[in-house]
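Here you get one chain, nothing else, as structure tokens; it is the form predicted on its own.
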Amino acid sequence: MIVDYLVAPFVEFEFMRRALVGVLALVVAGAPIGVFLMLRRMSLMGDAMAHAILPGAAVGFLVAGLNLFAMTAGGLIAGLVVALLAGLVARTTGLKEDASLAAFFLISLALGVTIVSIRGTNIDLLHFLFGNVLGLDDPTLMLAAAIATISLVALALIWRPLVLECVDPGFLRSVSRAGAPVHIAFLALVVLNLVGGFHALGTLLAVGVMMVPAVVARFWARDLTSMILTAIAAGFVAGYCGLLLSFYFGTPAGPAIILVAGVLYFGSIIFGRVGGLARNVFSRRHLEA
């Protein structure tokens, strides 16, 4: 039966259950952050920051090999340093922050690949770029769960000023000095979740599980809470179906998850009830009639 095909891999194989739990942890924390990035028109910043963590993780690899703590600490430090440097350059020169980030992330990507290549093999480089979601061990799962917990608690604490900054940053600056600390805290959460996603999906795909479900949700919900819940649901569906696709057809698990999210995205463009093409066509015909 179809149900057996949908459930059997997760019942029979522990590595599939681990992968599913890891993806769920990444989605629960990453999707809400992706929604805020989208609403703040910072979607491409997530991609830039995903590459920015690579040199730090590579240095951790160079010092301690594939050590979870060393690579996580290195990636976190590198991501925060790049975010602060990009902001500093934007504020002290005439260069816009997006251009500054673009320069930093390209340099970071090249530097990280070079560092990994010094000591590692092509297999190590592929691990850095695409991760290994089917090989998650207990420490990596605990790290993902800890990051998800920290992120959700932090989002709850900064929720009001974060939402206000998305809606009217000028008003927030006029009534409170919380804007800058909230912005820094939010950037730290972005980096933290990208570091967590790096171990499962690599630097090239970690941002995908954060941003694509958020964009999908934009076509199905109008208010923020519904958008976040929809993004989490879309991310989980993408993770579940992507893992099944990888299991039955032998495709790489990380890319399969992002490709399924891409299918949801294109489906949402057509059928989404908030700005979808089909709804726009039918609404136009209704008005013409």
Partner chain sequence: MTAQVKFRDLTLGYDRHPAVHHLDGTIMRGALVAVVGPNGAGKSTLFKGIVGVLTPFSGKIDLCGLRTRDIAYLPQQADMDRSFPISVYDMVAMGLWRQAGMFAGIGRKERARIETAIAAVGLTGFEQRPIGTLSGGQMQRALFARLLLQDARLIVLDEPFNAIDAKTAADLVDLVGRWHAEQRTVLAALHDFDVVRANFPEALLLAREPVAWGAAADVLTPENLLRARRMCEAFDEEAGECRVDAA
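Positions refer to the first chain, counted from 1. Since we're looking at a predicted model, the values are computed, not measured.
Although it is not shown, the form predicted in complex with the partner chain is what the next lines describe.
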Handout entry: Candidate site 267, 275 and 278: all three near the partner chain in the model of the complex by heavy atom within 4.5 Å
Key = no
Exercise for the section: Go through 84, 175, 107, 90 and name the one with a heavy atom inside 4.5 Å of the partner chain in the model of the complex. Expected result: 175
Fill in the blank from the handout: Note: exactly one of 215, 76, 166, 134 sits with a heavy atom within 4.5 Å of the partner chain in the model of the complex, namely 166
Practice task
Given that the partner is absent here, state which listed stretch (46 to 54, 64 to 72, 218 to 226, 256 to 264) has heavy atoms within 4.5 Å of the partner chain in the model of the complex.
Solution key: 218 to 226
Exercise for the section: Check whether residue 94 has any heavy atom within 4.5 Å of a heavy atom of the partner chain in the model of the complex, and answer yes or no. Expected result: no
Practice task
Consider residue 59 of the chain shown here, and say whether it contacts the partner chain in the model of the complex, taking contact as heavy atoms within 4.5 Å.
Solution key: no
Practice task
Flag residue 103 as yes or no: does it have a non-hydrogen atom within 4.5 angstroms of any non-hydrogen atom of the partner chain in the model of the complex?
Solution key: no
Exercise for the section: Report yes if any heavy atom of residue 39 sits within 4.5 Å of a heavy atom of the partner chain in the model of the complex; otherwise report no. Expected result: yes
Practice task
Within 4.5 Å of the partner chain in the model of the complex, which residues of 59 to 86 have a heavy atom? Give them in sequence order, or say none.
Solution key: none
